[in-house]
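Single chain ahead, by itself, as structure tokens, in the form predicted alone.
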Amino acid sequence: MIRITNLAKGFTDGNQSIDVLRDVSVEVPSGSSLAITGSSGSGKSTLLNVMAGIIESDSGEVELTAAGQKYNLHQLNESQRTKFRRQHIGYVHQFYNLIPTLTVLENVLLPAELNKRKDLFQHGARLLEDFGLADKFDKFPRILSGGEQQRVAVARALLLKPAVILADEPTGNLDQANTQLVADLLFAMAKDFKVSLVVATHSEDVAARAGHRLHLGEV
């Protein structure tokens, strides 16, 4: 589960202070989903990065429950946040973020490698089979279509069965058919794994699949 309370985040541009997020509060129970919508520059990616512990908020709290334990990201230092993110958060990027020198299967198994988990090979292979990529195990990302690359990225995010999956415009570069396929997989797998899913999106079709919605406007 993830709970955000009175979150605020701003940036400084020269002598100008810019409020990106102000007084944001939302809760996403385990197995539930949230769509974050809003225009470009409204703070969707910033909010996801705060949830992931990549950047710190100026005020407010981010609490996540993982493996039966509650974590407050504000009480963790940078090293602890990095370790927490590797173990408990799956992140799906708009531009896939696959490593070009690794095969499809090696990309999916990368979180297991980082966490020294040698027991997840079969699980990674099964995810790729479920995602229709059984014939791509030993292929490199450059020969895959955009839809296939994003399916690999979703499988990688699900490998550790994390407490939270954060997806930043996961269908932003895909055509309609692949948008539907990737969204189907993302929402179905998150529900099956009882993961808290947070999706930042411009797509009304993707947002409509979520159980809850948070719209970010001008602050």
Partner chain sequence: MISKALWRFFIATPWSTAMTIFGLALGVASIVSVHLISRTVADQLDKLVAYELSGYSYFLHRDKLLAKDYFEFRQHWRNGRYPGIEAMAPFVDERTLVDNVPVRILGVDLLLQSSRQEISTQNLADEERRSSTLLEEVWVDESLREKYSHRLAGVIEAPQGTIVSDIGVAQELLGWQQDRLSYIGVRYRDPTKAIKDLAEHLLPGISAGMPVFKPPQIVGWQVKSLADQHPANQFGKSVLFNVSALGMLALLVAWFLIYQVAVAWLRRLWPVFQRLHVLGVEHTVLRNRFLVMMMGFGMVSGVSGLFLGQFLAEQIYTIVVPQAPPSLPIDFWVVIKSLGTSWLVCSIGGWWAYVQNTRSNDGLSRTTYILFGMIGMAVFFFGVLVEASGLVGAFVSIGVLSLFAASSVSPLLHTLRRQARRIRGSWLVRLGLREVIWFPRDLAVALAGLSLAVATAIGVGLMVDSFRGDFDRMLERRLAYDWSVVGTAPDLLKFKAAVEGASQLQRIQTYAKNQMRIQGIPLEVNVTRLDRYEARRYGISRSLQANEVLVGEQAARLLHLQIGDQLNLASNAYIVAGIFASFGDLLPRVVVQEIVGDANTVAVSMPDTINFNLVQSNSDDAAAWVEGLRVEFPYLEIHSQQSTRKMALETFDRTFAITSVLIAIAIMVAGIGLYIAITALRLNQTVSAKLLSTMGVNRWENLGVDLARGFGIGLCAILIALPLGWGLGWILCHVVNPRAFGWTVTMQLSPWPILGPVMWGLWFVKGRSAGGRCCWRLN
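Worth saying up front: this structure is predicted, and the values here are computed from it rather than measured. Positions refer to the first chain, counted from 1.
Keep in mind that the form predicted in complex with the partner chain is missing from the display, and what follows is about it.
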Worksheet item: Can we say I99, F140 and R156 each have a non-hydrogen atom within 4.5 Å of the partner chain in the predicted complex?
Response: yes
Checking A125, L144, L76, L110 against the partner chain in the predicted complex, the residue with a non-hydrogen atom inside 4.5 angstroms turns out to be L110
ask   = Applying a 4.5 Å heavy atom distance criterion, does D130 contact the partner chain in the predicted complex?
value = no
Within a 4.5 Å heavy atom cut-off, is H93 in contact with the partner chain in the predicted complex? yes
Inset, instruction - Decide whether R117 counts as a contact residue for the partner chain in the predicted complex under a heavy atom distance cut-off of 4.5 Å. - result: no
Would I54 count as touching the partner chain in the predicted complex under a 4.5 Å heavy atom rule?
yes
Checked 64 to 85 against the partner chain in the predicted complex; residues with a heavy atom within 4.5 Å, sequence order, are E78, T82, R85
